[in-house]
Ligand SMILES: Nc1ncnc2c1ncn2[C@@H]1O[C@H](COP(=O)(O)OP(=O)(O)OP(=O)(O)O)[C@@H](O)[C@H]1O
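Single chain ahead, written as structure tokens, the form predicted on its own.
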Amino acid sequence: MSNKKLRRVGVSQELCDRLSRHQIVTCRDFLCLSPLELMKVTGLSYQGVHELLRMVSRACAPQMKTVYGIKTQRSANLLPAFLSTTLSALDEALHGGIACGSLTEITGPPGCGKTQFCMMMSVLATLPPNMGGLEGAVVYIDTESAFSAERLIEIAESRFPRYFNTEEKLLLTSTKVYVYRELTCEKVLQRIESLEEEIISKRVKVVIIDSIASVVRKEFDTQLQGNMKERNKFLAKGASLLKYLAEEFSIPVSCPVV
């Protein structure tokens, strides 16, 4: 993906430092410049810049995979295939829980408990594997200012009283849930685009967006000419980025929708 940091695609640290002084940090920043501009900021020859452009371009391009290769890779993957919801009937219906490596939509009318469910999933993601958790962090993008830290703690204590029997464990879980309030489509998309590095640095195991539908409804009146096209364009780009993150890092990505 074009939002990958240059240091993740094989560019030397020295060159990354030089480029960052010119606000060139991601593959997209790099590929938007002409060879002559890159020669100026890197100090490399035309041939050196050309080879660098090829390397960065290849790192961004989707790799061709065969069906056999995908199946073999998944069979060899030791990461969990599902994050259990701990609700036996729901886990049975989902054949194991919320799937890792894919985008899951949580649907239902307003007030049915979608946000409460997402907060419970946030708690589950922080639990150790022997309790069905992923022992990682969570990125929770809140577009409706509906997230409640107090409610998350209540859910943790009521659902897993034997585990959350000390202040230290509650504190540990609360420090692993990173909440971002993004109230516009533009801000939501910017946040999604920046998640790749955050997933790596913070060991994020679950991404939740609660919810994309709310910002879309506020900003796109489908009765106005051209709005439907822009709305679909935003949703398609957001979904594509989220699916990439889910597959790249084998994590569940959940989006409540109405």
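For clarity, every value in this text was computed on a predicted model and none was experimentally measured. Note that residue numbering follows the sequence shown and begins at 1.
Keep in mind the form predicted together with the named molecule is missing from the figure; the text below concerns it.
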Assert contact residue (the named molecule, in the predicted bound form, non-hydrogen atom within 4.5 Å, options Ser158, Gln116, Asn165, Ser174) equals Gln116
None of Glu186, Glu105, Glu92, Glu144 but one has a heavy atom within 4.5 Å of the named molecule in the predicted bound form; the exception is Glu144
Assert contact_stretch over 176-184, 144-152, 97-105, 129-137 against the named molecule in the predicted bound form, heavy atom within 4.5 Å, equals 144-152
message: Residue-level question: is Leu87 within 4.5 Å of the named molecule in the predicted bound form, judged on heavy atoms?
response: no
May I ask you to check whether Cys112 falls inside a 4.5 Å heavy atom distance of the named molecule in the predicted bound form?
yes
